[in-house]
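Given as structure tokens, the chain that follows is alone and in the form predicted on its own.
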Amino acid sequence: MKILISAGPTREYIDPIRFISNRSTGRMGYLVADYARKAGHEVILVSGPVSIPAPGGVRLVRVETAEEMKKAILLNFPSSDVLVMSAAVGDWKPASPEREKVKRKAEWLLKLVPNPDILKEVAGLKKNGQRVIGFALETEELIRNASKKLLEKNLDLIIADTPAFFGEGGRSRVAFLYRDGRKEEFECMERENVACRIIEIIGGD
């Protein structure tokens, strides 16, 4: 199969020097890409800025902003069998990025506007035979919030986890929630096992 995977954070520039981002390392998406390649699938990895090397044998597309990631995903999704959207796409961006470096101020109110909802938009374009898998990082009401996202975004599977995976964290509470109502919950699951399970699901369905 042809598997499209997004990974890492996005950056939204305030001025030429400063940006808004998050703590995502991209490790989850890169692990999924590596396991998919080892399983014999064709892999396209759309990655935000990360410091880890890409797995060999995958086609790497580097992006920085949410708009750039959206463009790359929409370009490659029509020819893909599965999208695994593990990237931590920023929810907001500055309304009016400055062209010059902003000088130090005593106080600065920064207006933000929503970024595109890539996952929801792509899922709306899904054709018969295509599958879309998303992630939901939650700090509370893990199952409830992830279930809501699963339905609202028309996903086939959503993996709910916690900030415990951020940085070098390797274990988290994890739940796999399926479109048909099935659910798999793990109180403490390693990141590598999550990635492996995703590829098992893709190959088995």
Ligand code: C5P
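All residue numbers refer to positions in the sequence shown, first residue = 1. Just so it is clear, the model here is predicted, and its values are computed rather than measured.
What comes next is about the form predicted in complex with this ligand, which does not appear here.
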M85: touches this ligand in the predicted bound form, heavy atom cutoff 4.5 angstroms:
yes
Would you please decide whether K149 lies within 4.5 angstroms of this ligand in the predicted bound form, comparing each non-hydrogen atom pair?
yes
Any of the heavy atoms of E98 lying within 4.5 Å of this ligand in the predicted bound form?
no
Decide whether D117 counts as a contact residue for this ligand in the predicted bound form under a heavy atom distance cut-off of 4.5 Å.
yes
Of 103-111, 89-97, 74-82, 123-131, which is the one stretch near this ligand in the predicted bound form, taking non-hydrogen atoms within 4.5 angstroms as near?
89-97
